[in-house]
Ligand SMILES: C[S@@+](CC[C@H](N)C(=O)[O-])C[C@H]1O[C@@H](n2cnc3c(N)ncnc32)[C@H](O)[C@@H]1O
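Quick heads-up: it's one chain on its own, the form predicted alone, in structure tokens.
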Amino acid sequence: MNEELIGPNLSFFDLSSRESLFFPEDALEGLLVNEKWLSSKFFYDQNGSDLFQKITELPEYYLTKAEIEILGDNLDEISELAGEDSVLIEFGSGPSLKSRMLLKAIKPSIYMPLDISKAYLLETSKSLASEFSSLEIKAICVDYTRPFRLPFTLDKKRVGCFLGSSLGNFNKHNALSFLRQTKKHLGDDGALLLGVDMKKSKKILDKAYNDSAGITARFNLNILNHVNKLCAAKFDPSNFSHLAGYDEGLGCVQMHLVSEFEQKIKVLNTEIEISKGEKIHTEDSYKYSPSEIESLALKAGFSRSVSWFDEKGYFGLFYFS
């Protein structure tokens, strides 16, 4: 573990000792099986992050707007629940409006952003350290989806923050494991503010993941560009098409890339054969009912919850203590 003092109110902890936590072998593992897949973490190179920001601004993509609406309407209550002098731990950092809204309302003594991308984490943390000059920021580069230890002890109340419905990218088993691990990091007197996309009609969900501008398709295809850089691979994104749809039985939107041709592609000097019409699974996005997410949190060790919803009931924000 390396600690670096970036500025008077910013410390950077590198739990990876690497330029990033994207392991090329992870990409190869998913491409060698019959039902091919790529981890959704490979979406987020710089171009992928930029494309996702554009997705959040699309008229079809309601999630970000709904969550901001909920936060704006309930910041006073959220701040009261969090209490004074707390530590705000954000899983998946970002200089987004939502993060800034919470920092201004809760006024934590310490802000701890966690992110997998070292360059992105540094950039966003420096921006926030400049804007919130009296706030102590301890940024940690880590793959928070895997078990890890915080590099220091804390004697203050910890409030975790996992927004944007990112929990939906885990299957139900892994979502429970993540929440249990998060509970350990937050401690017995800690709390978790969790953003969750609610179950709704297939028509609304299919439209959200197949926008008319084609930004989500570009975002999905860009995963191949990132794998090319990391693995010296030769994917041509134009040889694949975007496929996304809501499976009501699973309660999940699934995204795939579909091969337009029979292809042979080298990845880390290993030849991968892909037949015409074969799919590469790139993302799951599970949707929940309020009772389902509350039951999952209870199994993970959290107790009572307070919940808020946008006017249409599309999105939920849950505070678990």
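The first residue of the shown sequence is 1; numbering continues from there. What you see is a predicted model, and the numbers here were worked out from it, not measured in a lab.
There is also a form predicted in complex with the ligand; it is not shown, and the following applies to it.
Though the ligand is absent from this view, in the predicted bound form it lies within 4.5 Å of a heavy atom of just one residue from His256, Lys36, Lys41, Lys287, which is Lys41. Thr145 is the sole member of Asn74, Thr145, Ser177, Asn228 with a non-hydrogen atom within 4.5 Å of the ligand in the predicted bound form. Shown alone here, Thr216 lies farther than 4.5 Å from the ligand in the predicted bound form, counting heavy atoms only. When the ligand is considered in the predicted bound form, Lys156 lies well away from it, no heavy atom lying within 4.5 Å. In the predicted bound form, the ligand sits beyond 4.5 Å of every heavy atom of Ala129. When the ligand is considered in the predicted bound form, Gly164 lines it closely, a heavy atom lying within 4.5 Å. Picking from 184-192, 231-239, 109-117, 201-209 the stretch near the ligand in the predicted bound form, with a 4.5 Å limit on heavy atoms, gives 109-117. The candidate spot formed by Phe52, Glu90 and Ser93 lies fully in contact with the ligand in the predicted bound form, as each residue has a heavy atom within 4.5 Å of it.
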